[in-house]
Each structure stands twice: as structure tokens, then as C-alpha cells.
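One chain comes next, on its own, written out as C-alpha cells in the form predicted on its own.
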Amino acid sequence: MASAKDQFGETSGKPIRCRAAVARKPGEPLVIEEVIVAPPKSGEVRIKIICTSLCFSDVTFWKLKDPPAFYPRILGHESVGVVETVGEGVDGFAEGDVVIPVFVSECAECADCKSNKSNLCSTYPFKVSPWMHDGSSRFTDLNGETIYHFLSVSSFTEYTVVHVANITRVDRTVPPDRVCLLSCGVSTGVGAAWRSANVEAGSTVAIFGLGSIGLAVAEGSRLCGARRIIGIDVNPDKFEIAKSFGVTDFVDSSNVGDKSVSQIINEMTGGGADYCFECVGKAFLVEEAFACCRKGWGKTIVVGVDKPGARISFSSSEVLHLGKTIQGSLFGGLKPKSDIPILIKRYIDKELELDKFVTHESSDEEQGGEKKKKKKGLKKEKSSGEKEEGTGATEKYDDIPVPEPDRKKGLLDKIKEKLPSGKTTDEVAVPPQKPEIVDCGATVVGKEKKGLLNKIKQIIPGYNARSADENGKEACN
């Protein structure tokens, strides 16, 4: 296996020209184009992405027209990669380390990071910002225009820059297409049950929404020893899938007659569930969950991401007289550097069943027919700075290194066939490690989802792509 020095010697510490899937306008197809990724600044590392997945939050922000939406932007926040360059002042990380970028920071020095009561870092607080923590960007297009970051990660690119407070080193022997899931979705759901709610053995749990987050909550509740896990969803086909995650009962919320879902749950449980989780991102479902958690000790955990500005309503007397608790759960209440290694060990020990979240596999060749069929909806555009014949549009970037391809000629020829018109294999950074895409947390209808996935696949062509069963997904944090 090539050393980090051999792999990244030419590019380490220099600007890199590579490809990214850029969101240029809200709701429009991502544009595959070359971008410039600056070297990391103090306290940062540059990472080569080897696996990324599509989370529903990416889809939500891709559609937004107003702030916190910003364009052009590189979306993506669920991933795993290899450190290519280490910035000044960085301790504990080296080139070649396999890391998980996480949108929640952990500086390990502030009062919150030192406390076991919170995972919300005060030094680098969570916010949906278009910038790095210092208020600037590491991405520009070939015309020098700034490209915005997303959730401190931006993984829909071959290279990205992330602050060390937002990365966790992982064992390189763990499959990247599995450990990638711990960057957001699975950790959020499992953590919500394990850390935020602290689900007790023998308890009853109700989960609103059996998407990837809801299934992860079920998995976490199962690991905590919950006796009864009730899944609520509009799609009854999800029940069979949910059973393998520990769900014992199912309520079809589209077929409850004159009763509300909360009434059904209260009747089933004799007064309400001990723990209720809202995993869809709808204010009215938070209210329903609160209405069917047990009086006196019931906890309602809000996990799903609602649209900006959404509000929840409760009567003050209901809160006062019934003694219930409602709690938000960002990244499942997990401290990334402390808790992700625990989850990885539980996966290695075959306790946490990550494999269930990826239900089928298809090769790039098998995807070819589908790509052709969907081609009409996949707008292949030239970068706004792509060099035209007879012009010098990219001359000022001629001295910026492009990572050397290290694959066989046959594969390079195959990649060339997939490139937008005018590109050559010399302009493309071929991943030194086998890259993959995992689709584990998005429910997007038809072309919309396929278009996003295929656009992302274009920046890491020629390899396997994995995706989770569509019946097992609905909402993702």
C-alpha cells in the first residue's frame, strides 16, 4: 500500500484542482465542474473523500431559495476520507489518517465539551453557515468565484477542508461504506436513544417516522433493551423492514379512522410510551409525540429537521400538570470524538448492525442503463471557467497540481468516456482508494433523488455504488 507521502507528496500544502458536484441554483441539477480547493489553514486538514452518502438534509438545503441557503455551494456532510494535508497547529492527526468529518464540533477544551451533559461545543458552535469556522471559504471555481461550504463538511467533492474539531480518526480496517453512516444518520438515531433519551431496559418506545433516522432510533432502543418499540409511518410496507431493527408494533398513521395517532398510542400502551421520538421533521408530529408520552416521566425527543421558522405549540398547563419532558437531539447527543469510536467497536463486535442500513449493491456498469435513461434529467454542464479552444480561461491555474491518476489505462479510458465534453483524464483526480457512494438517508421522489445520486456518482466514476432500500427511509437529520 502506498504511503501518504507517496500518495499526496505532489499536492500536500498546495491548492488542488479537482472535481465537485456544485449546487448552483436551488432545486436544479448539481453541476459537475472543476474547483480549486485551497490548502488548510491553522487548525484544519484537507481530506480526500473516499465515500459519501446522501442525507435528507442535503436535499432540504438543495431546495431552499433563501438563507440559510447560499449558492453556489458544495453540499454533502455524511462521509469518510483520508487526510491529505495537515495545517499549522494541528496535533493528533497526520497525512494518511482515515477520518470521519462530522457537522457537530468537539474542541475538547470548552466547558460544554468537558461536560458529560452536552455535545454542543461553545468554541465552535453548530450553525448552518456557508463558511469555515473563521468566516472564509476554501473553495473557488475556475473564475475565482467563492463556493460556499455546507455544515462544516462539504463532501460532494473529491477534496474538502475541515477543521480538526469536526473530524474523528477511525480504524482503517473498518469498511468505509459502513463507517460513513456514522458521520450523521445512524449516529443521530442510535445516539438519540442511547445518549439523549437514555432509554431504559424494559421500557416502551414510540417512533414517528421509519426512515433511516427512525430505524436507527429503533436500533439504538433495541441495544438499550427496550421491551416494546412501536413504529408509526404512513407506509405499511416499512413494518417488515423495521422488524429487523427491533420494531415490535406498527401503526399506519394514514389509516387510524377518526382517532389521532396519539390516541392510538395511548390506548396501546395504557397511558403513553416512556419515550417518543419525532424523526420526520414536522412540528405537528412533535405535538402528537408529546401527547402520547407517559405523564410523570415521559420524554419526547425531537430528532427530525423541520423547515426554518417552524414552530411548536403546547398549552402551558399541559406542560406543568403532566410533568413530561421535551428535548432536542442534535447528532443524537453524541460527542463525535468520544462516542463514534464506541459505536465502531460495537459494530466490530457485531452488536450494532450497520449492514442492515445498506440493503443492495450495484456496480457502476449496472448503473449505466439507468444513467442513460435518466440522462434527460441530468444536466451535464461545462464549468463556468472551463477552457474553450483558443482562450486562456484557465491559464492562471496551470500551475495548480491535479492529483496523479494511479489506475490502469483501461479504467482511465472508461472514465474519459463518462466525462463532460472537453475534459481529459489529465484533468481528473482519480481516487487512490476505491470510492463508493452510500444512499442511506433520503426519501426523494423518483427523478429528483436519482438525479442527485447520479450527479454525485459522476465525480467518483468506475466503482461500486451502494444504496439503502427506499422503503426504509423517510427523514434524516
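Keep in mind the model is a prediction, meaning the values are calculated, not measured. Numbers for residues come from their place in the sequence shown, where the first is 1.
Below, we refer to the form predicted in complex with ligand CXF, which is not included among the displayed structures.
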{"property": "Stretch from 24-32, 66-74, 51-59, 37-45 whose residues place a heavy atom within 4.5 Å of ligand CXF in the model of the complex", "result": "51-59"}
{"property": "Contact label in the model of the complex: Leu151 to ligand CXF, heavy atom within 4.5 Å", "result": "yes"}
{"property": "Any non-hydrogen atom of Phe103 within 4.5 angstroms of ligand CXF in the model of the complex", "result": "yes"}
{"property": "Heavy atom of Phe239 within 4.5 Å of ligand CXF in the model of the complex", "result": "no"}
{"property": "4.5 Å heavy atom contact, Val305 and ligand CXF in the model of the complex", "result": "yes"}
{"property": "Check all three, Val179, Leu343 and Phe357, heavy atom within 4.5 Å of ligand CXF in the model of the complex", "result": "no"}
{"property": "Heavy atom within 4.5 Å of ligand CXF in the model of the complex - residue from Val251, Leu223, Leu322, Leu330", "result": "Leu330"}
{"property": "Listed residue (Trp131, Phe93, Tyr347, Phe126) with a non-hydrogen atom within 4.5 angstroms of ligand CXF in the model of the complex", "result": "Phe126"}
{"property": "Sequence-ordered list of residues in 176-209 near ligand CXF in the model of the complex, where near means a heavy atom within 4.5 Å", "result": "Cys184"}
